[in-house]
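Read the single chain below, which is given as structure tokens and is the form predicted on its own.
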Amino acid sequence: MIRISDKAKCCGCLSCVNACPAQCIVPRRDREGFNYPVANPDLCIGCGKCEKVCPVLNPLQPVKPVEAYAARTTAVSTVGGQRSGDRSDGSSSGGIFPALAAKFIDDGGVVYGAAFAPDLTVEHIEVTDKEGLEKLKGSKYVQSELYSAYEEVRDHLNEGRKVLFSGTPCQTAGLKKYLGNQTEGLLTVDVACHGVPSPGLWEKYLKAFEESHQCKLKSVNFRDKTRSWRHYDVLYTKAPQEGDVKPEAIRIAAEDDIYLSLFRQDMTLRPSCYNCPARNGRSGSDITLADLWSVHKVAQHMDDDKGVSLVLVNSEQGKAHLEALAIEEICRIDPSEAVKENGGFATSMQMPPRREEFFKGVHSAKNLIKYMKDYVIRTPLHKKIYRKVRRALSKIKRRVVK
């Protein structure tokens, strides 16, 4: 029976909850706002399935990428299949995931991925049409609620329907352990994950943000590329009021956004993220996607600051699906060089010394925004000046190359 005595050894994939035939395991949030499985010993039948499907107790063997690519594609609009001619319409990097997902929908398949719910919590949803793919675009820096996604994927595969599942490495590993050998028709796509922040903290932050700005939010875009792909903004769009022609938006540079700053400084991550069981090719995914931050080194001709995807092909099936896409620009690159600036792929983050202290004070904080702000490590002035100069030089260089 699953018993969580060390929270660093539970990644929250909840494959155990889905696998339990007695339905005696339920997810419950702890004080940090993360879900953990809790088993009822009175209902447990002792089958051991919950332990067998756990990717922490039974980690997958690491796999090195078969191939690596720098890739970008003109985004396909989800309405009518028309080309939009722009890669900044919601995709975080080079638009490869929307292209993969659209191909699955065209072939009659089902796509699973993380989406914002109407209340801006994050959940895994099933998408069967191109209109629905809009919800799956973009990064969501919150651990998503999986609910019954694993069971639904299994049922679709049993019906002979193709499924594309996208998620974090630990979610992908959890699905693979849950399904066992029952994976025919399944394509798994994970991301080079920095770590997953607390859903509970995100909900508290949203409430505090709305109170602070005296508004109700309609949407959040963690990676708005209007200004720049490298130096993106967080875009908070207010719910429209009566008479509004266009909903008002609050744009905050990523380095100035309190929630995103704490995430990037590893303060708000799940305990297991500091020793991730599925990182560095151990998720079992067919394809790993990431931002190719080293594009200026490995594929300079593609560096236009609109976003380029790093595509790591981990299986022959992944290779076949990638080759079936009509990708406008793609070039093969050295995998080891490609991941050097993607810290989320190979190594786990280091737990900040004040992390435990931070979460202990979240519930009692009278002003959560101010409380969170006090834990943000501020960038020294000389580094800010250096970054601005570097950005300006980078823009000039790209213009010269063009």
Ligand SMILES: Cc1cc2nc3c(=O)[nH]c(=O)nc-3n(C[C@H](O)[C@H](O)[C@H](O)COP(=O)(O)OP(=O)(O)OC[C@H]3O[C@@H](n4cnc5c(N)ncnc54)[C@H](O)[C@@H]3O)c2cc1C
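So that there is no doubt, residue numbering starts at 1 and follows the sequence shown. Note that this is a predicted model, so its numbers are computed, not measured.
FYI, the form predicted in complex with this ligand isn't displayed, but the following is about it.
- Using a 4.5 angstroms limit between non-hydrogen atoms, C215 is distant from this ligand in the model of the complex.
- Although the partner is absent here, V142 lies within 4.5 Å of this ligand in the model of the complex, judged by heavy atoms.
- In the model of the complex, G94 approaches this ligand with a heavy atom inside 4.5 Å.
- Contact check for S198: no non-hydrogen atom falls within 4.5 Å of this ligand in the model of the complex.
- With the partner omitted from this view, the residue of H124, K176, K238, H321 that lies near this ligand in the model of the complex is H124 [heavy atom within 4.5 Å].
- The contact residue chosen from L187, V191, A278, L262 relative to this ligand in the model of the complex is V191, the criterion being a non-hydrogen atom within 4.5 angstroms.
- Stretch-level contact analysis of 294 to 302, 107 to 115, 178 to 186, 313 to 321 against this ligand in the model of the complex, using heavy atoms and a 4.5 Å limit, identifies 107 to 115.
- Contacts of stretch 204 to 237 with this ligand in the model of the complex, defined by any heavy atom lying within 4.5 Å, are made by R223 alone.
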